[in-house]
Structure formats: structure tokens, C-alpha cells
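Below you will find one chain, with nothing else, as C-alpha cells; this is the form predicted alone, and questions on how it binds or moves follow later.
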Amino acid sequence: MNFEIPASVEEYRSRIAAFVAREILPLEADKASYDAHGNIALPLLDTLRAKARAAGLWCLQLKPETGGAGLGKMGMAVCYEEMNRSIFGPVVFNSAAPDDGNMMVLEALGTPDQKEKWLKPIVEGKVRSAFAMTEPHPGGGSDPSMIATRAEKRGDKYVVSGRKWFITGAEDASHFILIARTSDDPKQGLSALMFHRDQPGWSIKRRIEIMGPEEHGGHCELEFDGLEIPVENMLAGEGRGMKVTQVRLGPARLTHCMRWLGLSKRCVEIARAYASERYGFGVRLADRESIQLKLGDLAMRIEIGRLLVMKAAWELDGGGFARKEVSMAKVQVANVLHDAADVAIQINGARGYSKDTVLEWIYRYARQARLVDGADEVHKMVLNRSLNEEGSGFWRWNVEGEA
């Protein structure tokens, strides 16, 4: 097993680290850097995106012919972790959700014409995008088979009716990928359709207020009442909606983990810096065994998360689905992010609970990690299903030369 990374990936990682330290981190302490929802202000984002593009650090996750660097999932794991040392980092490099996952699924499944129309503007940073799948009860959440939004074919168009909610980025998005029911077939009843925000027949009913800071465009509830989508805007073909969700959501869950590891490490960084200089009752915090145990435990758990992420990335790069690996990484990293923020706040005391550091921002953000893209419990159920099906084969090693 080779745990070395290519020199080319290390070169990107080093350049990203320098860019984040020089251009992004200093902005976090300035209130003027934030929009009304706790994310980076758009005028400032535009400036930083131009700098990232000029530095050759733009859309590294995509293929060269699409406008990226062809990093592959393992290279992305290294670089995304470095990008998210800052809470503002990923979006600056056009590597943040939901655009990140949407670009990758369009790159993988779109026709040449669809890539030109729907993908290229996102890659160029001219528009933002959203993935509309989750629905309010009794529609589909973690279980896509429950999706109730319908797209009825009428001539050369599909007419959509239904509701979606918690659609990330919807308020600022121009390009949407919609998962809707085109038949009642249990396996091939869902399809993926693309539409533009200016098309009539749909509306944003509300921007749902949440506990944490928000991505640009928030998390919105949508209503469809006669939206007409031309047949040429169907992605991957009728009845292939589950395929689209699998291609998009598996890697997207993993890229979340990559970014969350960066935030987890940032929490430890802030905690260590404060513990090294803060004294209480004549003893430096960093010299107290209780603090050392907390930080050592976090360091170990973050490294476990990194190994799980890299194993899943390796499997995806090799053409596998990495379902077990992604689920394990998702549960591990979501929980360590939450705990890293909690421990760092505890070590920093009142300072950590204040807005003097980004720890309270990360703490509010982290709570969603155990819910988005499948709750912990869903992923553990998936893992148990695999265990029942595979038995001791659940822990098998891949043997070199074997398919």
C-alpha cells in the first residue's frame, strides 16, 4: 500500500496553502467580509475568484478538457482539505457545494450540447447552480424512492408539478438539476431534468432559516406548477434519475468530508495556539494532561477520517462505487468535525464562544454535517446491510491483479 502522493498534487497543495494563508485567512476577522447570512460577501468573493483563476487554482477537480487540472479524487482529497483551512476557502476555488457536485455530474453524464449550455457557465463562474431532490413529507428525503414531484411528458416537453425543500443555493442559482418522477416504475421511475431560473412555472416559496451560516443562495423551498422542460434538457435519459443521483451524491458526500477535514484541523490549530499561551493557576493549558488528551484524541480521529476518505477516493479513482467506504468516511468525519469544534471552544473558553475566532461559526455549521447527504443512522444502516450481504467479506482486502 502506497501512502505517498504525487509531486504534482503536493505542488498544488502547497500553492493552495499559500494562497489561503495570504489572501483568505486575514479576511475572516473583518465583519465587512461577510454577507447577511454569514458567508463571504459576493463582491469580495468575485475579487478572490479572479485571483484564484490567475494563480491557476480554479476548478482543479475537473478534467483538463473541461477547464480543470484532472486531479482525480485522491488529489482532490489533499487539495480540498487545504482549501477549507479557511471557512471561505472552497467557494473561492470553485470547489464548493452544490456547484462542485453539479459540475462533476454534468461532466460525467452530459452530452456535448448539454455541457456547453449547462456546465460551461458554472465552470466559468458566470452562474451558480442547485440540485433539487429533497422533498417535504410525504416526499423523498434520504429515500429517493419516495420522490413525489412528477414530470409528465406532453409532446416534446415534460410538465413538472410538486414541491422540493432545503435546496441548497436555490436563491442565487441560475441552473438547476431536478429529480422528478416520470413513471411509477420502482427502479426506473425517476429522471433528471435541467431548467433555468428564468423559466415560468415554478417559484421559491421561502428561504428556510437555519441554525448555522448559509451557503450563497440559502436553503429554499420550491414549488412547481406547470414548469415546462424540453426533452433535450433531460440528463442521461428517461428513467435514469437514480443513476444521476448515484453519480452525483457518492462523490459529493466524499468531497464534503474532504472539506470538513480542513475545518477540523483548523479547530485543532486554533485550540493549540490558545493552549500554548494561556495560563491558569500557574500552569500553561498546553501542559495540562486533560488538554493533551483532548487534542491527541482529535488528532487521531482526524487522521482516521483522512485514511477513510483516501481509501474511498482510491476506490472511486479505480472505477468503483465505494459505497461502504463513503458511508464510513461520512459518519466518521461528520462526527469528528462536530467534536473538534466543541473541544476547541471548550479549550478557548469564553473566547471560543465569542465571535473573536471562527470557532462558533464552525460549530454552528458542523451540526448539519451529521444530517446532510444522508444522516448518520442511514449510513450505518447501509453498512449493516453490506455486512449482512457480505459477511466476513465485508473486510476483504483488494488483491493486486484481481478484478
Ligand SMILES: Cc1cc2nc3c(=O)[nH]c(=O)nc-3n(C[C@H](O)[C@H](O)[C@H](O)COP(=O)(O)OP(=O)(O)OC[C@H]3O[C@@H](n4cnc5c(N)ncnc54)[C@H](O)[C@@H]3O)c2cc1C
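Quick caveat: nothing in here was measured; it's all calculated off a predicted structure. The first residue of the shown sequence is 1; numbering continues from there.
This next part talks about the form predicted together with the ligand, which is not shown.
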Exercise for the section: Answer with yes or no whether residue 371 is in contact with the ligand in the predicted complex, where contact means some heavy atom within 4.5 Å. Expected result: yes
Handout entry: is_contact(residue 378, the ligand) in the predicted complex, heavy atom dist at most 4.5 Å
Key = yes
Problem - Touches the ligand in the predicted complex: residue 131 (any heavy atom, 4.5 Å) - result: yes
Problem - the ligand contact in the predicted complex: residue 158, any heavy atom under 4.5 Å - result: no
Completion exercise
The one option of 182, 86, 168, 332 with any heavy atom within 4.5 Å of the ligand in the predicted complex is 168
Fill in the blank from the handout: in the predicted complex, the residue from 230, 239, 141, 72 with a non-hydrogen atom within 4.5 Å of the ligand is 141
Practice task
Please determine, with the chain shown alone, which of 160-168, 196-204, 264-272, 117-125 has non-hydrogen atoms within 4.5 Å of the ligand in the predicted complex.
Solution key: 160-168
Handout entry: in the predicted complex, residues of 203-240 near the ligand [heavy atom within 4.5 Å]
Key = 219
